[in-house]
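The chain below stands alone and is given in structure tokens; this is the form predicted on its own.
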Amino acid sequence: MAELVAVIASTHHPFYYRASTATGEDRPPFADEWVRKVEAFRETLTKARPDVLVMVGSDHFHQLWLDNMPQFLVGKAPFYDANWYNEEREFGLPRMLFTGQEDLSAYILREGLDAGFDLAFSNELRIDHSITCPIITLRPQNDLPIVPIYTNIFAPPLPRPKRFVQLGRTIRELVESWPADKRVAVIGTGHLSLELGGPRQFGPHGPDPEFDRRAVEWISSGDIEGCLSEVTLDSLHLPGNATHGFMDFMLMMGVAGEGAKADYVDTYDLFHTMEAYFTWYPNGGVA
């Protein structure tokens, strides 16, 4: 059977690539420390020596729109193009090409349906920065096959937070029952408090530092029940208008497991958001 060797959750700031590669007067003052933190975080994946990456993210209305919005979608293509034109223009992100792990995609779809999740799929999925940014930060050589999984955090009606946690638990069960001699890392990205296009977007930190503090504590301590007792679809509007992306962090808590304390935790306050980085080693260490 496959071995789950790492569970990794992070934010996916689209400006990291531009900030980290800028030089001279174009290099922002926070870039060096940001790069230092990302490189330390990258080592947590490198040490796990994965063969395959399951990547959880959310399409930012690039390919999926209101005429056809799945709640949970699994890519099952041999290759995936990325990024989109506006991401190249606004964020300086490069064009990328990923190889798909088709047999794991097919396994997750078949077994996921039997486990009670009516998963959608796509054979022609083009992915965006919710998945490409963690590849840039964690595996910039882009040499491992992926299984992309998209969640709906933008277009109501949304699944409730509990459903994200349930999907995370199911993803872990499916990875660990996959009949393949592979080392698998599950990587998911979301948001802490986040405001997009609103009056709190460009503050000195995220729009709700108290929510960020509690969120980091929930995630790092594996307090799924405590998190579920406070986080609802309605409550997520309060920390910022794009904070529903926190449900992808909750999904990753489901993968890690109730009470699972993160083996690696780091954060970085930027000018309008808190970056956060978490890694769990499910088997108690790296073999």
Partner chain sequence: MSKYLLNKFLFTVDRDPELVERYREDPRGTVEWWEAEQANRLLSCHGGEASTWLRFEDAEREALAAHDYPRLFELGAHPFLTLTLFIAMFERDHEPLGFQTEYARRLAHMTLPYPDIAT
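Remember, predicted model here, so these are calculated numbers, not experimental data. Numbering follows the first chain given and starts at 1.
Beyond what is shown, the protein has a form predicted in complex with the partner chain; the following relates to that form.
- None of the heavy atoms of residue 92 is located within 4.5 Å of the partner chain in the model of the complex.
- For the chain shown alone, residue 238 is a contact residue for the partner chain in the model of the complex, at least one non-hydrogen atom being within 4.5 angstroms.
- Residue 200 belongs to the set of residues with a heavy atom inside 4.5 Å of the partner chain in the model of the complex.
- For the chain shown alone, residue 86 is a contact residue for the partner chain in the model of the complex, at least one non-hydrogen atom being within 4.5 angstroms.
- Distance criterion of 4.5 Å from any heavy atom to the partner chain in the model of the complex singles out 196 from the list 180, 196, 144, 106.
- Only one segment in the set 249-257, 62-70, 220-228, 41-49 has any non-hydrogen atom within 4.5 angstroms of the partner chain in the model of the complex, and it is 62-70.
- Scanning 258-284 for heavy atoms within 4.5 Å of the partner chain in the model of the complex gives just one residue, 271.
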